[in-house]
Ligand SMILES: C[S@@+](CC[C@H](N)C(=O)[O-])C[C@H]1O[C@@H](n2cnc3c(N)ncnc32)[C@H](O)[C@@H]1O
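The chain below stands alone and is given in structure tokens; this is the form predicted alone.
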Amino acid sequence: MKPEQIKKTYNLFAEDYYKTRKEKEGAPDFFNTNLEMPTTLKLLGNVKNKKILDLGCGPGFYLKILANKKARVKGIDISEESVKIARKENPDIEIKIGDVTKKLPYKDSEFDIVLASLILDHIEDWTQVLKKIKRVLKKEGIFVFSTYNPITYKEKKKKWFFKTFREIEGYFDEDWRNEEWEREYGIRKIGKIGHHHKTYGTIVRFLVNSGFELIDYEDSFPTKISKEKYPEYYKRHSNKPNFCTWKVKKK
């Protein structure tokens, strides 16, 4: 999917997404606040005094959390509307508009950590973006990123008599899945967004070939709070991980 389409969809999505996250209600609250974010923050670890770049910072939720943890943070996002919200929420943080697939407007070896929450799925070939991330990281700098779990988009609904179940089908077919986010988030029709499925093996090869060393990995697991608040989501995603977070080091 072209960056222009991704930018368009995120611009349309920004305000609704921000409101649902702030109000702590609905799918974004479960999938982001109570599923992806806890795992990613766990792998980030102690960030005090660390210089961090948030790639695809969206409306700035990670920026605020990391700043409160005494990290020195900067953000960049392709969506002008998301950046507008992020700047309002984080007036003391430098946040730029930019495409992460193009040259990053930062110095060589500027950051201790680069964070990318759920943005690499929008990119088919990671070679160039990983090269750009490696450039802005210090020696032995850390790159933490979350993605859809590679099994997520290959899960198919099946029926057997009166029973409905799910199974993995076509896992080795690496392809795009384009969807209307209104189905996923239940807010309003906002346009299509694309996610590119990759196997675990392909992801590891991209990392190794780009000069990164894998040092940690964790599948997402919902928070205890979400068990009562979102029982159906909790039941499903405590049995099958929707997201996963990777932690790698620049060699």
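Computed from a predicted model, the values in this text were never measured in an experiment. Residue indices: 1-based, along the sequence shown.
There is also a form predicted together with this ligand; it is not shown, and the following applies to it.
**Prompt:** Here the chain is shown alone; which of 133, 78, 144, 95 has a heavy atom within 4.5 Å of this ligand in the predicted complex?
**Reply:** Checking each option against this ligand in the predicted complex, the one that comes within 4.5 Å is 78.
**Request:** Have a look at 118, 151, 85, 71 for me and say which one sits with a heavy atom within 4.5 Å of this ligand in the predicted complex.
**Result:** It is 118 that has a heavy atom within 4.5 Å of the partner.
**Asked** Taking heavy atoms only, is residue 99 within 4.5 angstroms of this ligand in the predicted complex?
**Response** Yes.
**Asked** Any chance residue 212 has a heavy atom within 4.5 Å of this ligand in the predicted complex?
**Response** Flag for residue 212 set to no.
**Message:** in the predicted complex, does residue 56 come within 4.5 Å of this ligand, counting heavy atoms only?
**Reply:** Answer yes; at least one heavy atom of residue 56 falls within 4.5 Å of this ligand in the predicted complex.
**Asked** Are any of the heavy atoms in residue 226 no more than 4.5 Å from a heavy atom of this ligand in the predicted complex?
**Response** Because no heavy atom of residue 226 falls inside 4.5 Å of this ligand in the predicted complex, the answer is no.
**Request:** Can you check 100-108, 133-141, 159-167, 85-93 and let me know which stretch has heavy atoms within 4.5 Å of this ligand in the predicted complex?
**Result:** Going through the listed ranges, the match is 100-108.
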